[in-house]
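Below, in structure tokens: the form predicted on its own, a single chain.
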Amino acid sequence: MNIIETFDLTKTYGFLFWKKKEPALDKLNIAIQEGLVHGFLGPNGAGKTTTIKLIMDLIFPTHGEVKVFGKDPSDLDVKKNIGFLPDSPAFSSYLSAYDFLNICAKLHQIHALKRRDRIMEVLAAVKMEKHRDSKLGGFSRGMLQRIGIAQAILNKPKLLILDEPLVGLDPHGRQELKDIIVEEKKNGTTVFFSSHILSDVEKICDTISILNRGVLLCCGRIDELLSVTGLRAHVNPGNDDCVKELMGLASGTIKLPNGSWDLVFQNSEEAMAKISQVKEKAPDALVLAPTRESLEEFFFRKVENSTDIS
């Protein structure tokens, strides 16, 4: 089942003669499957936040349409099943963390008998329970981001939409957020989020989309999009003869404490032929696995190519 679907989704800002020449989003067609973590990527001004606002029914498309759970995003049943963190959340500085989440819980119509326990659950999930009675006005940007994430998961959403959730978080906080996203996925939640931190996206996302200047460049599973750049050979202990044969062609070599070796090879006919020969002579000596370009390398390649074409 597709949780989010867009059909030629287009948004041009302005009105009549004051419309911009280029649309912020141009004929976007994507389908996000249930239960996956999807990374929505692109440089600044690519159309990511515009897309999220359209999905959230905060703005209206110029052309095309978007479906969430197979329905129009304005449907109240759709809204009840979404958790959302905008890119620049605003908070009332005089409220405590608990009071703010209590208001959010009332808006979500969480029963009074369950409200306190659920608030304490989400505060614990974002490591903010000891700040429950502190005023939001005294929080750092990273602390406010954690509270924003807490309100986004408060209603146990089926779809969690996060716009740049990693902004303002230190490395420890980023890891905790990644753990929350992984846990939400385990609970059956579909997660759709934008981010500029590509190394984190690569670790936790199943699928990605890349936008540039409002145009979709690609969409699919990460393991299918990233190109194979070579092979990694793990040589088991006691096979030093194999290592000697292969080392001269390897672009990287690491000897591990147990006496085994990891050898990295670029795609070349000579290297692949030698690996095949060694594997044929000693089939149990090597464990082979493909090496792929990083998401960062793939991202810049796609964006730069699209810029050159335009």
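Only a predicted model underlies this, so the values are computations on that prediction, with no experimental measurement involved. Note that residue numbering begins at 1 and tracks the sequence as displayed.
Beyond what is shown, the protein has a form predicted in complex with a small molecule; the following relates to that form.
Engineer: Which of G45, G259, G252, G248 has a heavy atom within 4.5 Å of the small molecule in the model of the complex?
Structural biologist: By the 4.5 Å criterion, the partner-contacting residue is G45.
Engineer: Heavy atoms within 4.5 Å of the small molecule in the model of the complex: which of the stretches 26-34, 278-286, 238-246, 49-57 has them?
Structural biologist: Of the options, only 49-57 has residues within 4.5 Å of the partner.
Engineer: Should Y13 be counted as a contact of the small molecule in the model of the complex, where contact means heavy atoms within 4.5 Å?
Structural biologist: Y13: yes, in contact with the small molecule in the model of the complex.
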